[in-house]
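Let's start with one chain on its own, the form predicted on its own, as structure tokens.
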């Protein structure tokens, strides 16, 4: 018995030694920066006195008062939520359609699957440049085709106009044009991410279920709704969480397309403005903590709701 205890202790010590480099890297790369950000959020730190800042300074809530009291904070938070929800749902929906379309084997399917990844693997600078040129109201191909073939009266400034009036069934409806354009770009750019997850799950589904459903005379929609979709829901739930987190923190896509103008100022862009334009590092850190707190609340609500649905089903 003592020999067994000694062997167990030796294995435990070896395990700690093996994981210690990883723990050290996580501590340096993740934990310390988070603690440093929290510390800066409660101090009056600007770029000019950053070298004097430390973990033990004069803590106060002035930065949070500045963040919550600044003009445009609540509107930017609402824009961030709308942008995140729209881009997340759009990317998953397009990825699902693409996965279903390329599920069955046919000539050239491998080439099409590879082409589906192009928006995701292309550099973000190149992708935003292509969209900016294509949507340009002066020489963009979208406006050229719209005015020539679709009957547009004048070019549409997709990336520079906040609101745009659209006639639907004789009623003029005002839509947030630039925000919808940025959401469309985000859905287009990241639908391959959802496509990869969904196509992998679809390939693992047993074909006997579909064959039995066909024999029973069910329609395509019935097979999708009652057979395919329930088996894809765990993957869709995971994609929803991942895409929501990634999109909620997005900065580069929106900034490169609109610079945060025309009603597309998400919270991450406000953090950048606090940091660069105002050189207020403390307020920028406080804004980032607010962003993380809001994201945590949304994820917790979603996980709780998804867990409750799983228990009831």
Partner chain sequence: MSVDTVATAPPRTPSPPRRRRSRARSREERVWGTLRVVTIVVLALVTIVPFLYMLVLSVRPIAEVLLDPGRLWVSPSEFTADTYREVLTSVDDGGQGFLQYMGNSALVATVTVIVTLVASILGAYAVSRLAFRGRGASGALFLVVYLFPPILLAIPLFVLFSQLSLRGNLLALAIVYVAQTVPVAIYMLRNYFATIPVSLEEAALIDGCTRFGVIRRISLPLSMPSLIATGLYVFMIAWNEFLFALLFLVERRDNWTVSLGLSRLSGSIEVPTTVLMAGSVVLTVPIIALFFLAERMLVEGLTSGAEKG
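By rigid core we mean the largest C-alpha set that fits within 1.5 Å across both forms. Numbering follows the first chain given and starts at 1. Just so it is clear, the model here is predicted, and its values are computed rather than measured.
Unshown form predicted together with the partner chain; subsequent notes refer to it.
The partner chain in the predicted complex comes within 4.5 Å of a heavy atom belonging to residue 221. Within this chain, residue 62 is remote from the site of the partner chain in the predicted complex, having no heavy atom within 4.5 Å.
Contact between residue 123 and the partner chain in the predicted complex is found at the 4.5 Å heavy atom cutoff. None of the heavy atoms of residue 211 is located within 4.5 Å of the partner chain in the predicted complex. Out of the listed residues 85, 156, 77, 144, 144 is the one that sits within 4.5 Å of the partner chain in the predicted complex by at least one heavy atom. Figure note: of the listed segments 175-183, 222-230, 68-76, 157-165, the one touching the partner chain in the predicted complex, with heavy atoms no more than 4.5 Å away, is 222-230. Taking the partner chain as positioned in the predicted complex, the residues of 113-133 that bring a heavy atom within 4.5 Å of it are, in sequence order, 113, 114, 115, 116, 117, 118, 119, 120, 121, 122, 123, 124, 125, 126, 129, 130, 133.
When two forms of a protein are overlaid on their rigid core, residues whose CA moves 2 Å or more are considered shifted, and residue 293 is not one of them between this form and the one not shown.
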